[in-house]
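A single chain comes next, written as structure tokens; it is the form predicted alone.
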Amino acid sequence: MSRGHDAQSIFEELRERISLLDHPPGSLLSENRLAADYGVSRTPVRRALQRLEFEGLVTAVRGVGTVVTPIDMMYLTQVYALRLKLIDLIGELSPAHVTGADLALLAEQRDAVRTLRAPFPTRRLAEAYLRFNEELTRAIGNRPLRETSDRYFHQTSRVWNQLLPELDLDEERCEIVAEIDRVLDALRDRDMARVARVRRSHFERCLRRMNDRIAGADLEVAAARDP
């Protein structure tokens, strides 16, 4: 049981668990059980669940309770297209906001991914990329852009995490290492336009790899193209 939690920390922890599929699509989140797990009243849990509903990660079902939303590929395909546009805006609207400590942490994350050797649990890679996104999101100076980018990252991250067991893990590992490397170089130069170009390039390649894996299946991830 965890102690000292408030609505914000509960929201962040539940969002991470949903993103990493600890709470898979369709699973029920009980207010009473969560309150007991976190050692709090139902009020902060309810507030956290309301925020998660606003983020599109859970939905309140009458007579059932709060349920983790299914992965709606038609909707998320549109989110992918929006994320590409948001990445471009990072280079246009957002001055670099990083410290030496931020850069050191990103380098540590890169080195941790670099040392992974197959076979390794897919969760380790998924969690490493989640941490990378958290650090990079903090570098976005424009607050509305930062919050929107973070929201849609967590909406779509479940798709990649779900596909990871079917992907070439070493290829995914190498892609993450390369992306962090290139992002670090751009951040050291305070060049957010270059950060945006790096992120867009790696994001587009990730979409293509997911498309290749899902081709012919019931669900389709259409690679988002710049019109």
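From 1 onward, residues are counted along the sequence shown. On a predicted model such as this, the values are computed, not experimentally measured, just so you know.
As for the form predicted together with another copy of the chain, it is not shown, yet the points below apply to it.
Across the proposed site, V79, G141 and Y152 without exception bring a heavy atom within 4.5 Å of another copy of the chain in the predicted complex. From the list 169-177, 22-30, 44-52, 191-199, the contact stretch for another copy of the chain in the predicted complex under a 4.5 Å heavy atom rule is 44-52.
Remark: T148 counts among the residues lining another copy of the chain in the predicted complex, judged by a heavy atom distance of 4.5 Å or less.
In the predicted complex, P95 approaches another copy of the chain with a heavy atom inside 4.5 Å.
Among heavy atoms of L89, some come within 4.5 Å of another copy of the chain in the predicted complex. Another copy of the chain in the predicted complex comes within 4.5 Å of no heavy atom belonging to R117.
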